[in-house]
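Only one chain is shown below, in structure tokens, and it's the form predicted on its own.
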Amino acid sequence: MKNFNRVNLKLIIRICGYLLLTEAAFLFLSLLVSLIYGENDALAFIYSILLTVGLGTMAVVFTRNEKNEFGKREGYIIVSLMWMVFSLIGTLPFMWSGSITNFTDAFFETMSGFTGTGASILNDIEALPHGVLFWRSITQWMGGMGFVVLALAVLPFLGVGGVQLYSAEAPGLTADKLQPRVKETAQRLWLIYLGLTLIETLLLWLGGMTLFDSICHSFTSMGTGGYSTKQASIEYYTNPYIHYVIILFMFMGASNFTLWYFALKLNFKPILKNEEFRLFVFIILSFSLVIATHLFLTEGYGIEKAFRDSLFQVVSIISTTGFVSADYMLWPPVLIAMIFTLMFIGGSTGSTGGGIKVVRILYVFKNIYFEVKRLIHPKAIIPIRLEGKTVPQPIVNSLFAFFVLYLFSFALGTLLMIASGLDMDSSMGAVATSLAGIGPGLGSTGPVENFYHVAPFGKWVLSFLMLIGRLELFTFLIIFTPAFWKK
């Protein structure tokens, strides 16, 4: 029996090698796009592919005899390491094509892509070659569902012990499984993900988008990333049909994918009974109606325009997609405050959305309600229940630990961004949007601005916040604790 008190370094290297080969496959797709359009970024992708395949092959070959047995520590290390390595490799097409010549900017753009944040340093997106634009979009699609979940779906040997990897990367408090075997769960998740992406591509294409733009926007809305092929984001498109299609798929991307699995089987009962989903819908509708009413009554918007802009921005922010259909910084302060509040809520557990997650907000509300009841009935044992099941105390404890760590990260990040030269509003918005993986923030990092002007130190701070936010804080930070490495 393997002694799991020691970290299995060779197995970590081997799995990382296989994951690098999967990244090379997506780089190859971007190369095909470059060749189709006959632009000058093809060599950048060829060099990137050769380097990635070389590193991945060496890692696999030199560790090929290692047994496929690993524990939770290996899982945490692999997940944390791969998000860093993927981002480093992902900078190469930007730099070698000349699209982004500064390494800090290229890393920021790539980390923002893979984590689904959508914060950009680019001032002329339309000037980029199609291959680079495709790579930029597909990073968000890959990162949306997760690298490890993809690997579990396509690499048979990861079936043994794969639950450790799945649990380390899967969003939310728990890793919902559609099937007893984690490999089958990963395959079904990716099939649903791919199917919804194809449907959205078709609908956008029918709405007047070019096929290329339809594919890219489907990648980034299903991945709740927010990168657009247009500098003006979705505001570039004046067709309301396109806005409503993207609203629908941002919503679906930020909802628990397990629910869409049941929907495909025409079993809608689990969807209607899901308390997190009901709260998610309630938050979207209530915020949208308040904002739409305010825009209609005080800002001179037409009824449809007020409803569409409010619904789009609410769904875009709470889903952590970050697409822009209107400059919400021009709205009254009370509406900006509502948008800022949504930045902390995020999507559902088991979705591609980031943020605190709706299920955690639900736990907080329930705990406040039951705490009041406990004060009234101090001798009563009143456990927190979710969908009829008692929530174990360790989960409740981890919930509040997460909240404290999240707020501490927000406060510390804000102080560091102020130190880097940003004003208070811009710093708060930049940190909130990076932790939640949204994209647009407030002030000079607002919806019609970008992050080009942020100092290099600030970009590295925000890149780190994007990473820990995507991995839900503990997955990455735990490897820096002494207890993690003790026998």
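Residues carry their position along the shown sequence, with the first being 1. Given the structure is predicted, the values throughout are model-derived calculations rather than measurements.
Beyond what is shown, the protein has a form predicted in complex with another copy of the chain; the following relates to that form.
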Counting only heavy atoms and a 4.5 Å cutoff, which of 364-372, 100-108, 345-353, 80-88 contacts another copy of the chain in the predicted bound form?
364-372
The one option of Ala401, Leu285, Leu264, Leu202 with any heavy atom within 4.5 Å of another copy of the chain in the predicted bound form is Ala401
Can you work out which of Leu386, Leu248, Leu122, Leu405 has a heavy atom no more than 4.5 Å from another copy of the chain in the predicted bound form?
Leu405
Is Thr390 close enough to another copy of the chain in the predicted bound form to count, meaning some heavy atom within 4.5 Å?
no
4.5 angstroms heavy atom contact with another copy of the chain in the predicted bound form for Phe219
no
Another copy of the chain contact in the predicted bound form: Asn239, any heavy atom under 4.5 Å
no
Using the partner position in the predicted bound form, report whether Lys72 sits within 4.5 Å of another copy of the chain, counting heavy atoms only.
yes
In the predicted bound form, do Phe340, Ile376 and Phe484 all put a heavy atom within 4.5 Å of another copy of the chain?
yes
Check each residue of 413-441 against another copy of the chain in the predicted bound form and list those with a heavy atom within 4.5 Å, in sequence order.
Leu415, Ile418, Ala419, Met424, Asp425, Met428
